[in-house]
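Only one chain is given next, in structure tokens, and it is the form predicted alone.
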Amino acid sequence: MIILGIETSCDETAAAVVRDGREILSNVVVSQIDIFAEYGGVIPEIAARSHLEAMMPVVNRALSDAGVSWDEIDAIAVTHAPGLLGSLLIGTLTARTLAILHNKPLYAVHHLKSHVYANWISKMALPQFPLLALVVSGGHTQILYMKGHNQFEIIGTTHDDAVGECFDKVAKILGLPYPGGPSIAKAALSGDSGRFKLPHPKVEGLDFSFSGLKTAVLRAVQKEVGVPISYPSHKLKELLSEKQICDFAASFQRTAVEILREKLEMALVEHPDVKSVVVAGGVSANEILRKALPDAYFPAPSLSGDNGAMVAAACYYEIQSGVEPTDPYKLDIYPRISIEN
């Protein structure tokens, strides 16, 4: 089965052609990172306009790179939720229109499910059920329990910031460029991860909280440079040396990874039947996290971020699970509350 996957949940315009949920025939991603680096974050209205300009060229290139015609496409998959409403609107309208024009079944796919299924693409050995999925991205931090394909149970989630969001906010405090994940990882290479002791938020069960960690970094930086807590955070970078920035980056990164590992270890104790652990989402590209979880499945670094291949892969396994296609005339873009819905 050959599926065209379309992804526009945030600031990547992406389309891919995937065979049988595992073999990538093409994978085209146009990123808006260069646009938003100047602003230090994504501006939804600009993101939507950029998707509008890039969407059809990206889809056409995905088909061309894959060497397939519309006659060979068996289904169209599109990210339906969650995400920025304007960005989702461009992707879903494109997918709906193409499904109608080419008479193809349309599948609306949940964004987090797609990230999980990036771990099935181009792998010699596949994850075994039941499994735990640690989803770590700019908008989400969750632990999922999966008994089988398309069976998701949220057993842990963040109470406030996602870990990727925390990376971005700490990077801004340190004066590092957007996106924060790669910037902190790069700076941390030259830093001492043990120099600054940062707290592990006390959250019951398998849930997370990263807002307090972000604030702890802010207070530690203010104390290090000798200014009161009222001192503007955006001016702190002017008082920090390169060594201090690298040490803070390394200390924060180590702490964030430790928190994720500790919660995952707790989840494994509570679910002794688990046979595999998969890690998904943009933060799964972090090398320190990969080293901290040597037995877990990770997607290829090129598939850690948003891409169309993961959407097509998730769609394939939904079809195998008996999910029916969506009526392209009735698909809306309002985010569903939970991955379990």
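The first residue of the shown sequence is 1; numbering continues from there. Predicted, not measured: the structure shown is a model, and the values here were computed from it.
Omitted from view is the form predicted together with ligand AMP, to which the following refers.
164 is the sole member of 191, 91, 83, 164 with a non-hydrogen atom within 4.5 Å of ligand AMP in the predicted bound form. In the predicted bound form, no residue of the candidate spot (21, 119 and 299) has a heavy atom lying within 4.5 Å of ligand AMP. Screening 224 to 232, 176 to 184, 73 to 81, 146 to 154 for residues having heavy atoms within 4.5 Å of ligand AMP in the predicted bound form returns a single hit, 176 to 184. At a distance threshold of 4.5 angstroms between non-hydrogen atoms, residue 47 is out of contact with ligand AMP in the predicted bound form. In the predicted bound form, none of the heavy atoms of residue 247 sits within 4.5 Å of a heavy atom of ligand AMP. The closest heavy atom approach of residue 139 to ligand AMP in the predicted bound form falls within 4.5 Å.
Put simply, residue 285 is close to ligand AMP in the predicted bound form: some heavy atom of it is within 4.5 Å. Along 303 to 322, a non-hydrogen atom within 4.5 Å of ligand AMP in the predicted bound form is carried only by 306.
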